[in-house]
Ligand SMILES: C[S@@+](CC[C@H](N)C(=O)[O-])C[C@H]1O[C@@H](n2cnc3c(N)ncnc32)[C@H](O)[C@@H]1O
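First comes one chain, alone, set out as structure tokens in the form predicted alone.
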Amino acid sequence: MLGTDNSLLDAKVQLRIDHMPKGAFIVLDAFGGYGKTWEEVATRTGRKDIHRMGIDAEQRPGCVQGDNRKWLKGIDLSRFDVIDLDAYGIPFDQMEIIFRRKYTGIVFFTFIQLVMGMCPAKLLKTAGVTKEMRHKCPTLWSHVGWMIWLDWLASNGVKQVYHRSKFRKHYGCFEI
């Protein structure tokens, strides 16, 4: 499914400006694309000490190519001060890997409920929603997806989530 590149760019950029580290830092941009968001952050702040390593499924400048889940499982995450999960949906698998690997630092994420507000089955399962329940009424869960996500983050030790939201598009960050 195609997404809209950098939809609500101003909200994403301002969130990063408000919550990025003070000194020099390295970003692992797991849905790297062309790096437009972090390029805009650097431009607006005048900072030259933001270093970015991107991961993208396609060959793009400034990115290693491949499945970001595989990279997140194998790369030394402690090298990065920030991990950015700006996905065209809900980066549940990627976030699960980050929690399992006990990453510490700042995480930016996008939570967008696509296709009638559907949520990943694995996320719904964390809230006790069974396969049978999902199949009986798949759109029922669209109204509580964001709350289930926030509860799941809290169950993984996240104390505070900062976000900017519009309808079912949520751009957020937290520190772990």
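All residue numbers refer to positions in the sequence shown, first residue = 1. Small disclaimer: the values here were computed from a predicted structure and weren't measured.
A second form of this protein, the form predicted in complex with the ligand, is not displayed here; the remarks below concern that form.
Only one segment in the set 125-133, 64-72, 139-147, 41-49 has any non-hydrogen atom within 4.5 angstroms of the ligand in the predicted bound form, and it is 64-72.
Among Ala57, Leu114, Ile26, Ala121, the residue placing a heavy atom within 4.5 Å of the ligand in the predicted bound form is Ala57. If you take 26-40 and check each residue for a heavy atom within 4.5 Å of the ligand in the predicted bound form, you get Asp29, Ala30, Phe31, Gly32, Gly33, Tyr34, Gly35, Lys36, Thr37, in sequence order.
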